[in-house]
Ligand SMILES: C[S@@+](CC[C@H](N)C(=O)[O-])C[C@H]1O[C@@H](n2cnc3c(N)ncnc32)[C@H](O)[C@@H]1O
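One chain is shown next in structure tokens, namely the form predicted alone.
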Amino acid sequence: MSTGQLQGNPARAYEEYFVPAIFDPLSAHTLRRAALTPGEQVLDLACGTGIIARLAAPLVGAGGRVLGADLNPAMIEVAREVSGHGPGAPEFVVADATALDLPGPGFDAVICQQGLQFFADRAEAVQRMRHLLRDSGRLVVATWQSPERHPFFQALAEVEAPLLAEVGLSATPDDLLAPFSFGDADALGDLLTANGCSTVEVEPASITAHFADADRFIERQVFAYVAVVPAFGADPAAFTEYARRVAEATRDLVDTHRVGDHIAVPMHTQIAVATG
């Protein structure tokens, strides 16, 4: 197995692999619900490498403003690199979603795509997002639906958890399925209502994620662990062996999703639009 991905930057690998596969098609649904118009002020919260911010900028035009915020400095560095500079380009800051040092209210739209499920205090995060909105503003939140709606990733988690334990990372399948941990539409709607939103509409949306480079799919999927597993960072061979074992254990599963040189995986989200 090649170790080329291991030599790179995990944040850049995220931008180059996961953004085209997942977040480009997902962002089209999220921004359709956001219904941005020229001149609006937009905050992309938990922005990652800035895909929502980049796509929102031309929608609000030169008279608008788009700000992306994320807690991860490496993600923000990549967001700045790939989003360009100058008039009309989005701005980016390193910031905690629940401790943004921004004057409010001031934004016409606050968008949080696949971030809310990771916040330790979701209620506090919603309250802070509402504080940043103008009276007429709207909050747009997308969270993946439950693990049961994503059996492919469930199966991967069941394989990966015990193998990670062998290299010193205590992770349960539920830990690995954290992206899908807040997928109930009623729970999302209730959270927004309980924290001050007067009008809440939650709609489902689905995409098919097309992951390039099918033969290295597992290696690319698990590359993110390099940043959090000391054994992988100190010993690239440990990562290579771990990825090999995961690939071997999931070969049949992955092959059922192979379409030519891509891996195609259905993914399902909830998108809420809240006001008030």
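Residue positions are given as counts along the sequence shown, with the first one as 1. Only a predicted model underlies this, so the values are computations on that prediction, with no experimental measurement involved.
Just so it is clear, the following notes concern the form predicted together with the ligand, a form of the same protein that is not shown.
Heavy atoms of no residue among 152, 214 and 253 are located within 4.5 Å of the ligand in the predicted bound form. With a 4.5 Å cutoff on heavy atoms, residue 97 counts as touching the ligand in the predicted bound form.
Using a 4.5 angstroms threshold between heavy atoms, residue 164 stays clear of the ligand in the predicted bound form. A residue is said to contact a partner when one of its heavy atoms sits within 4.5 Å of a partner heavy atom; residue 46 meets this definition for the ligand in the predicted bound form. Not displayed here, the ligand is approached by residue 72 to within 4.5 Å at the level of heavy atoms in the predicted bound form. A heavy atom within 4.5 Å of the ligand in the predicted bound form is found for one listed residue only; from 183, 90, 115, 137, this is 115.
Heavy atoms within 4.5 Å of the ligand in the predicted bound form belong, among the stretches 33-41, 206-214, 235-243, 46-54, to residues of 46-54. In sequence order, 14, 23 are the residues of 10-43 having a heavy atom within 4.5 Å of the ligand in the predicted bound form; the partner itself is omitted from this view.
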